[in-house]
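Only one chain is included here, represented as structure tokens and corresponding to the form predicted on its own.
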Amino acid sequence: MAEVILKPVSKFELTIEAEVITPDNFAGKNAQEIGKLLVWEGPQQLPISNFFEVKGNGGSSAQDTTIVIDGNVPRVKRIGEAMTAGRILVKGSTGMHVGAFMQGGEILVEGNSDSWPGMEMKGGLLHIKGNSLDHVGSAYRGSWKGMTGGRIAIDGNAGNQVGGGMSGGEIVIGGNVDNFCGTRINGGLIVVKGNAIRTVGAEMTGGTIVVGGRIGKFTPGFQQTATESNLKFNDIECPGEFKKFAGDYAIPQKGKGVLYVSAENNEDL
């Protein structure tokens, strides 16, 4: 597989919009041609070589192309947007919208992510080893449909509105989440191995949410239906005993989702 290395050479005084950083756009181009691709910095478009030293050539296809971003780029947005194949490795933290509208391939972020990672994602794997801010896999402003396919794995914590409007795919959070996790979810799977602050599954009409830790303030529109142990969703395992709820009955829609909550960490429910 061909490898292109982007080493930051700018202080990024303004954020840049870099949706051109995908294996799809780099495939079939040499380093000089890649360096001429344009990114947005405020109101102007500038060559990517103004911000990164470019080494290596793209492969014959997106599938044959790996992009390595060799450093922290928290002010670079939209890395891997709508990519269909190939691989991106970020050796640091990244900005907003990493993997937004992603359709295939793999993105690995070794640091943290700003908000909106995997926004309205359709396929592929987005793995963030650190923490993420808000709206993981969510619908964007003015849209009702969030993530529909693929998997987002975050080893650390995530912020508010994880999986907002989600209708397919999988989100696995290794740590804790803040408010409104799984709001308006109508399909797919969200697993939170740590705690959630409040309002998990609000307005949920389908899909499955699992919380392995404690929910600080439980959403009132849910009814317990059973108790189950050692849950398994393909290769995702959730050990322990879980209280199974259906909801959200606070809204009139007929479809209801499934919410599993750790029995050990939520004895008061």
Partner chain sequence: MAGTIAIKNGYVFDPLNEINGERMDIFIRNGKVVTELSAAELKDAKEIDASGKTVMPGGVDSHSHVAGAKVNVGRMMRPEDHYKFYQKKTPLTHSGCGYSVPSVYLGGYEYSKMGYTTVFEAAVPPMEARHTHEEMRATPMLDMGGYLVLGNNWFLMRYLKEGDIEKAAAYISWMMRTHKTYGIKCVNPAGVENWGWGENVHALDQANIHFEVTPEDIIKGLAELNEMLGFSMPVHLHANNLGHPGCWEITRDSLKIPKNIKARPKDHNVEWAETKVNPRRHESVYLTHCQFNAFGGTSWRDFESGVKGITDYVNSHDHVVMDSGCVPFGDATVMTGDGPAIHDLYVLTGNKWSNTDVECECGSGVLPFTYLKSNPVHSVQWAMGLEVLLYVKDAWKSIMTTDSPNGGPFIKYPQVIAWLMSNKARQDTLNECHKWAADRSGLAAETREMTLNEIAIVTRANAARTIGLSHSKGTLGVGADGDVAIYDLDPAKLEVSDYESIIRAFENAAYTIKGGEVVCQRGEIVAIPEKKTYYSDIAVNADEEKKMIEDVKNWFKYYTIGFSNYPTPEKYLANPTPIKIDAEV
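Keep in mind the model is a prediction, meaning the values are calculated, not measured. Residue numbers count along the first chain shown, from 1.
Keep in mind the form predicted together with the partner chain is missing from the figure; the text below concerns it.
Residues placing heavy atoms within 4.5 Å of the partner chain in the model of the complex fall in a single listed stretch, namely 133 to 141, out of 69 to 77, 133 to 141, 85 to 93, 106 to 114.
Although the partner is absent here, Glu120 is a contact residue: one of its heavy atoms lies within 4.5 angstroms of the partner chain in the model of the complex. Heavy atoms of Gln45 reach within 4.5 Å of the partner chain in the model of the complex, making it an interface residue. Contact between Lys145 and the partner chain in the model of the complex is found at the 4.5 Å heavy atom cutoff.
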